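This document starts with one chain, in the form predicted alone, laid out as structure tokens.
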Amino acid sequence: MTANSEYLNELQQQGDFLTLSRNNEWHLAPSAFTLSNGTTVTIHDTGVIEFQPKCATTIDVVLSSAIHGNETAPIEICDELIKRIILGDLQLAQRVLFIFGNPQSINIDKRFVEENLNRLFNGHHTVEGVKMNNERTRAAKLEQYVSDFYQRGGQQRERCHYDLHTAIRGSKNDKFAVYPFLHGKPWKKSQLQFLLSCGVNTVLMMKSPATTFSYYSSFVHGADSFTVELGQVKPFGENDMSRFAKTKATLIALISQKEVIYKEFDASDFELFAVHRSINRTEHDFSFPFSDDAENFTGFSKGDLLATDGQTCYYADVEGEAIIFPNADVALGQRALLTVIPLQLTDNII
């Protein structure tokens, strides 16, 4: 029996693709097998597994986690879904591609190994004069796996990608989603209804292109794509999984039902924000005046100091300007802080 057939046999018996990926941090030989219910299972690489049901219906779904390896709750959710599918406890109605983005960073319990993977998509993995590393190579491969998955599904099928994360800091709005910049295309009520069903009623509307995985799928493939933040980072085993019950139930419905009926759209159900500005770290001497436990969506009064970058000071220029994703330890040139302001829905929604 070859090593390849040994791991396939174990995978079919236990469904533990996460452990298999963690044991093969950067590469796993492609292989495939068929479940008793007719679903074809294709392993494209470590952390990348595709399920093609015998009678797929209308949606091609990408569910990614571990783009940052220490964000464990989404990893645990996807791990459970993969096991249930392989063991026959969950019958699929849609094509699904699961991605554990960075297995080595899971193993070392860090956001990344050398470079933040979520700053390397939409072509940013290959930059002239910048040395390649494992994460840059991985970003290029992940883009290709997503591209191949959608292309094999065809143009007539709906496409969606939910990139599941947890935030470094706590948040006044515990769960929230980031809607990538759509270049003038309308927001979709159906996607906001899906997020609400997941227990996410706070949505941040981006106003410029990004390097994130969700923006890549939205911009390049026209997918309904979001970065979904499901609370705060915690180690494996310390997540209260009951807090993710709505999210998990909605994801299961999405991939196992031919059609999901969500609550009727009501704009008052949502708290929406628009990006006001992005503050990058350009100097080694960079700091925030607020404490490390200051929560996402904390608002500041006009004139309050928000960040100091060398000799440059940034002050709130709008009353109630709120902080998102503050991280003073990012690499030079990268975003250290987003600020947001409340947003009202416009006519650009369908």
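Numbers follow the displayed sequence, beginning with 1. Note that the structure is predicted; figures quoted are calculated from it, not measured.
Separately, the form predicted in complex with a small molecule exists; it is not shown, and the next lines address it.
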Q) So which stretch, 226-234, 259-267, 73-81, 146-154, is the one near the small molecule in the predicted bound form (non-hydrogen atoms, 4.5 Å)? A) 226-234
Q | Contact assignment for the small molecule in the predicted bound form, among R111, H124, H276, K141, heavy atom within 4.5 Å | A | R111
Q: Could you spot which one of F297, F300, F288, F325 gets a heavy atom to within 4.5 Å of the small molecule in the predicted bound form?
A: F325
**Q.** Contact of L97 with the small molecule in the predicted bound form (heavy atom, 4.5 Å)
**A.** no
Q) Can any non-hydrogen atom of R281 be found within 4.5 angstroms of the small molecule in the predicted bound form? A) no
Q) At the 4.5 Å heavy atom threshold, is I168 in contact with the small molecule in the predicted bound form? A) yes
Q.
Is R22 near the small molecule? Define near as a heavy atom within 4.5 Å, in the predicted bound form.
A. no
